[in-house]
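The form predicted on its own is given below as one chain in structure tokens.
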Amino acid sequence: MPIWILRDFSKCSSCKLCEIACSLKHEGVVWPEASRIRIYELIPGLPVISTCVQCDDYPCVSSCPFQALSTGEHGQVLVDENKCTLCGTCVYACPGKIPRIVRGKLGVIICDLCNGEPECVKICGEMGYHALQLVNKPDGEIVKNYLVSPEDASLKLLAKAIGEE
């Protein structure tokens, strides 16, 4: 069964411990730029949690001209660094522009759900925020709500905050 990280922006404190936990898990050092989850606060007080939403049709995977991307048993996107050329095709194919190219990395960075046990979800819960929760992957309509760039998500949050939604 595919799993999914449910994001509740209203519970995010923008502490960025999720970024630290992710980079420690994957890189062995505190390296937020290489984190598979990012917290953007483009509008002060309105943090946006950005990570792969595991689209139903995985445009990043299908767009890769080198077959460097695939999907795993939990629905996560897997990157084969031996095949990835950092061409950026997956970044342009992603509706939310989630895949990231980070200097010093051999392949594009996309959340792999820590093989079913996301560190970001663990630390968020341990700190009592619960802005991230691990759930079974919901249907496409819920997923589509998260298919926006951090800039567009920030504008949607602002509209909601000032009552224009």
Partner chain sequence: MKGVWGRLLEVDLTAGTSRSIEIPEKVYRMFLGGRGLATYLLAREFREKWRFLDPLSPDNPLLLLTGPLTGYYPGVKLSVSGKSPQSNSIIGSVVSSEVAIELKASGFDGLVLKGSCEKPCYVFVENGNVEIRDASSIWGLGGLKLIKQFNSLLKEDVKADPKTPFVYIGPAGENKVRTAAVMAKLAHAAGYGGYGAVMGAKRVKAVAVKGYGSLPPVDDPESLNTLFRSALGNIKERMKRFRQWGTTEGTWHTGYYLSSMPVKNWSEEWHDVKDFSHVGFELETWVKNPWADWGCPVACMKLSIAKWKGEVFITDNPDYEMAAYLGSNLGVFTPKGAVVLSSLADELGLCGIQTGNVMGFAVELYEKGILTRDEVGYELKWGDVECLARLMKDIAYRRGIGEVLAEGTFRAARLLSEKKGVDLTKYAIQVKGIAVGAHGVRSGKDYPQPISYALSVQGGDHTSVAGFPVNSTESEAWYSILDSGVVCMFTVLDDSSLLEYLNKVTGWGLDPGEFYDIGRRIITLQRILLLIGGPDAEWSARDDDNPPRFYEPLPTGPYKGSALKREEVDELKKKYYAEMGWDEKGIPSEETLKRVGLEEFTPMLNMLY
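Values in this document were obtained by computation on a predicted structure and should not be read as measured data. Residue numbers count along the first chain shown, from 1. Heads up, when I say rigid core I mean the largest set of C-alphas that superpose within 1.5 Å between the two forms.
What comes next is about the form predicted together with the partner chain, which is not displayed.
Undergrad: When the contact criterion is heavy atoms within 4.5 Å, does V135 count as touching the partner chain in the predicted bound form?
TA: The answer is no: V135 has no heavy atom within 4.5 Å of the partner chain.
Undergrad: Give a yes/no on whether L69 approaches the partner chain to within 4.5 Å in the predicted bound form, heavy atoms considered.
TA: Close contact is absent here: in the predicted bound form, L69 is far from the partner chain, nothing within 4.5 Å, heavy atoms only.
Undergrad: Are any of the heavy atoms in C114 no more than 4.5 Å from a heavy atom of the partner chain in the predicted bound form?
TA: Contact with the partner chain, no.
Undergrad: How about I142 - does it come within 4.5 Å of the partner chain in the predicted bound form, if we only consider non-hydrogen atoms?
TA: Although the partner chain is absent here, I142 would stay clear of it in the predicted bound form, with no heavy atoms inside 4.5 Å.
Undergrad: Taking a heavy atom within 4.5 Å as contact, would all three of A21, I39 and R103 count as contacting the partner chain in the predicted bound form?
TA: Yes.
Undergrad: Quick one: which residues from 25-45 get a non-hydrogen atom within 4.5 Å of the partner chain in the predicted bound form?
TA: Contacts from 25-45: V29, V30, W31, P32, E33, R38, I39, Y40, E41, L42, I43, P44, G45.
Undergrad: Does S154 move appreciably between the shown form and the other one, meaning a CA displacement of 2 Å or more on the superposed rigid core?
TA: Result for S154: yes, a 2 Å-plus shift.
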